[in-house]
Structures are given as C-alpha cells and as structure tokens.
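First, one chain by itself in structure tokens, the form predicted on its own.
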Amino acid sequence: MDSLLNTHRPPVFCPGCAHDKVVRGLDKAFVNLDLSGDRIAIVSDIGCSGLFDTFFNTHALHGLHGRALTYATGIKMARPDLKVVVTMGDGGLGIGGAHVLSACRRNLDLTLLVLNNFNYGMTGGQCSSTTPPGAQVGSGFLNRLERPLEICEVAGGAGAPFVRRLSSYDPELVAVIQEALEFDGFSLLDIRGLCPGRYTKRNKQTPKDIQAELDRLPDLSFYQQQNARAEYGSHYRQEAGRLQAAEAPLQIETSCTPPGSGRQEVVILGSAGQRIVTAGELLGLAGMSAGLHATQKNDYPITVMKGHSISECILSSEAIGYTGLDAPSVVLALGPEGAAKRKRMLKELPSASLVLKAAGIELPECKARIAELDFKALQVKSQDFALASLALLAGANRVLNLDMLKAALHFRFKGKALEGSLALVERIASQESPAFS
C-alpha cells in the first residue's frame, strides 16, 4: 500500500498552507503502520482542517464546530478496533475546549491533531484561542486582551499522557504522528504552521520563526510518565465486565379488558407531595394491563418538594405517535399550584371533558363539566387525593376499571404499601360519587 489519499479528491489548500504537509505526513504514517482504510476513522472539525476526511480513503465523519472529539469518542467506544484520528484547527480547539478537556481526562485511544495556524483561516482571519497578543488579525484588538492558549500544557494538566508540540515543517513530522498513532491512549499533537491565505498577509511569520518559538518552550515528555494509566476503553470494558448483567425489563401482560376503545387523555393537576407522578404512572400501568398503549409526561419545578406537580397521560388502543394532548377526556384538579399552572388549558376545555376538582380549588370558567370531590368527607388525606381520584374513575368505568387499577397496584407496589393502596382503592371505588350521576 503506497497511499490512502483519495485520488478523486486530492488535497487542495491555499498555496503554501501548512495543512498540506500534515495531510501528506499523516498519509505516510498510515502507510508506515500498514493501516488499511477500513481500519481508520477520520473525524474532522469545521474549518480548513475539516477538509481532511475528504482527502483520505478511510471511514470518515464531519460534524459541528468544536464537537469532533465527541463523535470520535462514540466511534472508538463502539468500534475499539478502529484507529480514530481527529483533525481540528485552533478555532475548533477554542470552541470545543470542554470536549478537549474531557478527552484528556478519559485517556481514550484517540489521536488529536491540532492544526494550529493562529487564526480562523477559513472565515476571515479572526483571532482564535492561540493567536499571539501582538498579532494583527481580522477581528480588531480582542487578541490583545487575552492570553493565548498553550494547549499542550492545558492538556497535560488535564491528564493527557501524550502531548507534543511540533512544526508542520519538522523533518520528524511523520515519525511523531506515527508515534502518536501507536500510543495506547489519548495523544494530542499541537502542529504549528503558516496560514498564507490570512495570517501571514498581516503578520511576518516563517517556518524558522515557528521553530524558534517551539525551541523556546519547555519539553513536555514528562507528562507521559506523570499521566500514565490504563487506556479508557479497555479499562471501561474491564470494569463493566465485572458487573452483574441487568435484569430483563419487566413485562406487563394483558390481563384485563378496558371499559372502551379509542383514546383517553387524562391530566392530573396537583401540588408537590400529592404523589401526582405516581398516580400518572399507575394510570399508564393500568392501561398496559388492558393491552393499551400508554404515555406519561410530567411537569414539576426543580424545587421538587414545593410547587406544582402535573402528569399528562394518554391511553389508546392505537399507537401513540406524540405525547401532546389534543382534548383531555378527564382532568383531575387536586392542588392549587397545578391548577394555576394549567389555567389556559382549563379555559379551553371542550364540553365533552370532565373535570373532577378537590374542594376549595379555584378554576377558570370553561365549557367542561365540573364536579367537586369532598375528600374530607371521604376521609382521604391530601397525599392520597390522586389515587382516590383514580379509584373513583375506576368505580365508574371511566377511562379505566377496577381490575386495571388493581393490576397496576400489584405491579407497582409490594408489602404494606400494596395492602394500604388496595384498601383505599376498594373503599373509594365502592362509593357512589355525584360526579358520575
């Protein structure tokens, strides 16, 4: 094998661009390692470095600016047999900095080539995260206000074991790329070069200048020993292999007959602590016990123990393509916060809808039929309002029936929780409610 370069799409850069040298250096490294195209994945970023994937006959992925390492991580974890190479400019380096740090911390076997030409070359020569403060760029004075990023020192501090700085014109370019490819872990090369299309039009810079600056910087080889550890992918598989296999998902067998066919939409509006979400889950389980399709969508604030709690559920004999509600069949208004949160929905309810509300809950005017539930007279505590409401619906064969609700309780609870729930449901379901008269 002489080359993996794509003869149908040969490398094309501005005359004198350092990227061309890196393309050809990477190709020679592949050849030296006897890597065929089906054993390599090149993941490219945006910008001039984002053209690399089209220049090689390998697997390739071209994604969003700064996100190349995230795609590469997924590829390497799914296909550890592939040699995964990421090409990124100093622009993508700055935009995707958090992903670079994560890659350094993980030590997954990826090779990141940072093609560093000190500016956004493709979009006009604006300053990047590596632009020197004294440079003239196409974005004003911003680079004078910021310290340029020394990515190798940052990467080494974040845990990357193999970090190197070198020039695109270095005679050892192929050898260093090859060493990075062979390294079993995360390797990062800061490869510095000229951008004649933008940067050197405003700034005097030569290959000798780049090499002189590199010679001035400290050696980085100590990071390889300091950050030495197991490669992430193999270590992950080793640790995962020690875990007990997860149990198969529980299956809900059809054991009940639903009270009707079609689609039922139920909204439970309550407050934190009223077990609204649990009631929504029970309603979904009840539907599945009768062979129905079921969805549940919940809404509650980050405070969790304070504020509104809402569960929107759909039971349908047909497949449900979207969890949004068209026209709720039943609304259970059990707490003031939930009712206030869905005031607009309540106003727009059609006349066919039924609203069961706890005593004292204020609702806006609407066309729906509204019935008040006196939970105090039923001797039901606030945390049981939602379950008691489901029991009333089940007793009236509205949306669900008692067999369905009991099947859901048996699936969801055990021990004393099950005994208490069943006792409450049976007691409330036997009550004659004026809401259904």
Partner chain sequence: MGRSFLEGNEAIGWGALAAGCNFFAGYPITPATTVFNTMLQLLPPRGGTCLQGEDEIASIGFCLGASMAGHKAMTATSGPGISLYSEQISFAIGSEIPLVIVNVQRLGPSTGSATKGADGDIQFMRWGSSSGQPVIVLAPSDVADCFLLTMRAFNLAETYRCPVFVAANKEISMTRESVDLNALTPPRVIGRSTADPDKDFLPFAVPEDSLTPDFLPIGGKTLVRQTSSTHGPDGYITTEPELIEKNQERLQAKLEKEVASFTYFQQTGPAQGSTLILTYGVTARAARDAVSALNQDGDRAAVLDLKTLWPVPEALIIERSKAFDRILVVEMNLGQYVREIQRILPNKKVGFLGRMNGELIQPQGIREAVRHG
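Computed from a predicted structure; not experimentally measured. Numbering follows the first chain given and starts at 1.
Keep in mind that the form predicted together with the partner chain is missing from the display, and what follows is about it.
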item	value
Contacting member of K201, R144, H235, K297, with respect to the partner chain in the predicted bound form [4.5 Å, heavy atom]	K297
Contacting member of R398, K406, H62, K28, with respect to the partner chain in the predicted bound form [4.5 Å, heavy atom]	H62
Contact stretch among 383-391, 398-406, 33-41, 369-377 - heavy atom within 4.5 Å of the partner chain in the predicted bound form	33-41
L292, heavy atom within 4.5 angstroms of the partner chain in the predicted bound form	yes
Close approach of R79 to the partner chain in the predicted bound form, 4.5 Å, heavy atom	yes
N6: touches the partner chain in the predicted bound form, heavy atom cutoff 4.5 angstroms	yes
Non-hydrogen atom contact G157 with the partner chain in the predicted bound form at 4.5 angstroms	no
Residues in 53-78 with any heavy atom within 4.5 Å of the partner chain in the predicted bound form	D53, T54, N57, T58, H59, A60, L61, H62, G63, L64, R67, T70, Y71, T73, G74, I75, M77, A78
